[in-house]
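Given as structure tokens, the chain that follows is alone and in the form predicted on its own.
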């Protein structure tokens, strides 16, 4: 396995850290090299463009892009790269992430963003899905995911109803 980042995790604001943490935890659980950046579609658009356009050349296999409110980062990044983008809507406004969900999921035909659930559960699944994508090229990652799933299944089998 390489030490070069294979997954990029981007958020628009430091206030998003708590909600995206489960994605990073999953990548770490599976031993996947990743990078983390704060990139705003509205406050740092030039950096967002540069990040997206350089992703493939830098070896990223997938990008997890989390955003709240208007949630432009996932779609704009997807429009500028062929690297798959997983969008995680965040509950950053009074609409509790529904606005972000609708923004991310309603991409025009031809610019797909794989959209996950709002908040921490979506971030967890984004981390797992990113690992599965990486696992297509790295069988050792796929085996770690297989073992992780089996451990979770076994925990359910061993659980006792109180």
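As the structure is a prediction and not an experimental result, all values here were calculated from the model. Residue numbers count along the first chain shown, from 1.
Another form exists, predicted together with a small molecule; not displayed. Remarks below refer to it.
Within this chain, residue 92 lines the site of the small molecule in the predicted bound form, having a heavy atom no more than 4.5 Å away. Residue 58 falls outside the set of residues with a heavy atom inside 4.5 Å of the small molecule in the predicted bound form.
When contacts are judged by a 4.5 Å heavy atom cut-off, residue 104 does not count as touching the small molecule in the predicted bound form. When the small molecule is considered in the predicted bound form, residue 42 lines it closely, a heavy atom lying within 4.5 Å. Here the chain stands alone, but in the predicted bound form its contact with the small molecule, taken as any heavy atom within 4.5 Å, falls in 65-73 among 65-73, 27-35, 113-121, 131-139.
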